[in-house]
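First comes one chain, alone, set out as C-alpha cells in the form predicted on its own.
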C-alpha cells in the first residue's frame, strides 16, 4: 500500500475524510488551536519537572538561597503563558464549533432545497430535522473540542513518556506497558459500539419524528381522541431507546472500567518498583508518581473520545449520505451554465414564457411506485387555455400538474413548454412563471404582507391592494387587528383555513404567472366566498394558461377541456357538454354531485 493510500485509509477512518472540505475553511484556526493546545500540554509536563527540581534542590537539600528567585520567576511565567494559551485555544475551539455548525447546517438546508418531492415523500420531518440539527452539532463538536482535547491529551502522553524515558527508561517502559492493552481493547469494543450507536441514532430519529407529528398534528390528535395511542407510540419508541442506550452504556462502561484498571496499574508499578529510583532523588519519585496519575486523565479521555468518535462516525455517515442524495429532477450542466441555478440565477439569459404546454408521448411511474400512471399520453394545451382535471380523491389528479411544474420528470416522452422540452431550461425559470394555489395552503411565519411579497418581492402597495381585492382577501385583511401587518403564526395557524386559502391565492396572483394552477383552491371556503373567487378566477385566467384541479364540478363547466382521472389514468377528456353527452365516468360524477347539492339545498330550507 502506497503512502497516499495509507493516508486516505486513515482519513476514511471515523469518516473524518468526508468532512475535511468543511474543516479546510477553518484550517488556520484549527492549526492555531492545536499549537496553543500543544503549548498548554508542554507546560503541564514542565510543571512536574519544576516540582522535581524544587524537591531535589530546595526541599531535600534544605537550601533556598541563590536560585529560588529565578525559579519563582520562571515558574510563574510558565503559569501565565499556560493560562493565556488555554484561554485563546478554548475561544478558538468555540469559534470553530459554532462556525462549523453554521456551515454544515447551511449546506444541508441548501441541499434540501434542491431535492425533488420524492425525497420529502419518503422521509419524515423528524428524520430530516435530526440530520440538519443533531448530527451537525456532533460533527461541529468533533472538529473543535475533540481536536483540541486530542492534541492536549495525546501530546501530554507523548511528552510525559519522553521525560520518563530520559530519566529512567526501565521504569518508564513498565508504566507505558498499558498502551498495547489500550489498542487491544479498542479493537475488541469498536464494532460493538458502532452497531449499538447506529441503532440508537435511528431510534432517536423515530422519536423526533413522532414528537414532531404529535405537535404539528395536535388538533387532529385531539379531535380524534387518540392521545393514548400517540402516547403509547411515543412511550414504545422511548422504551426501545432506553433499552438500546443501556446496552450501549454497559459496553462503554465495561470498556471504561477495564481501561481505568489498566491506567491504575501504572501507579501501582511506580509504587512497586520504587527501588529503581535513587533514594536521594525524592523529586524523581514524585515525578513518576505525578506522571503515572496524570496519564490517567488522558487515557480516560481517549476512552471517551474513541466512543464519541464511533458515535460521531454514525452522524457523519448520515449527514454525508444526506448531501449525497441526488434529486430526481436536475438541470443539465449546459442549462445551469446558461440560466444559472436556484441560488445563482442568470435572469438576463432567461427567455420569456408564453404558456403553450404539450405532452408528447408521456409515460410516467412515480419513483416509489411500480404501476404506470400515464402511458404514452399526448395532449396539447394552447396558450390561454383553461384545463380542468377532475376525479375522486386519490385518483391521481395531481400527476399532470406535477409533470408540468417539473416536480417530477417523465419516465418516457417529453413535456414541452412553448415548443421546447422543459428540461432545456432551468427549473427556476419555469417555477418563476407558475402560480400555484394549493388545497391546503402554507403560509410562512411573519405578517400577511411578508407572505404576499413571497409572490413578488418588488410588488408595490398598489399591486398588493389590487391582488388582495381581486380574490376577496381584502375582507379578511380588514378583520385583522393590524391589517396586512398582522402576524399569521407558524404555518399560518392564527388564520382559518379559508383565510389562508385567500391569502395564498392573492400571493399567487401577485406573481403575475403565465401558468396558473389551482389545486381545489375553493375547497376550503364558504359558498359566498367561492362565488367571489370564481368570478376572480374567470378574470384572472384571461391571457394565461390555467390548470384547475376541481372538487366542485359546477365550477369548471366552462373549461376548454376537462380531463377525468380514475385510478391514476385519464379515462375521458373533452368539454363539459361532450362528456355529459357520453354519459360515462364524468357524467356519473357530475349527476351524483348535483343530486347531493340539490338535496343539501332542500334540507337547508326546511
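What you see is a predicted model, and the numbers here were worked out from it, not measured in a lab. Positions refer to the first chain, counted from 1.
Keep in mind that the form predicted in complex with a small molecule is missing from the display, and what follows is about it.
Considering 126, 214, 498, 396, which brings a non-hydrogen atom within 4.5 Å of the small molecule in the predicted bound form?
Checking each option against the small molecule in the predicted bound form, the one that comes within 4.5 Å is 396.
Please identify the residue among 156, 359, 408, 255 with any heavy atom within 4.5 Å of the small molecule in the predicted bound form.
Contact residue from the list: 408.
Segment assignment from 195-203, 396-404, 136-144, 466-474: heavy atom within 4.5 Å of the small molecule in the predicted bound form
The contacting stretch is 396-404.
Partner proximity in the predicted bound form: residue 297 to the small molecule, non-hydrogen atom cutoff 4.5 Å:
Residue 297: no, not in contact with the small molecule in the predicted bound form.
Residue 301: heavy atom within 4.5 Å of the small molecule in the predicted bound form?
Outside the cut-off, so no.
Report yes if any heavy atom of residue 234 sits within 4.5 Å of a heavy atom of the small molecule in the predicted bound form; otherwise report no.
No, residue 234 is distant from the partner.
Using heavy atoms and a 4.5 Å limit, would one call residue 366 a contact residue for the small molecule in the predicted bound form?
Residue 366: contacts the small molecule in the predicted bound form.
May I ask whether 209, 221 and 493 all come within 4.5 angstroms of the small molecule in the predicted bound form, judged by heavy atoms?
No, because 209, 221 and 493 lack any heavy atom that approaches the small molecule to within 4.5 Å in the predicted bound form.
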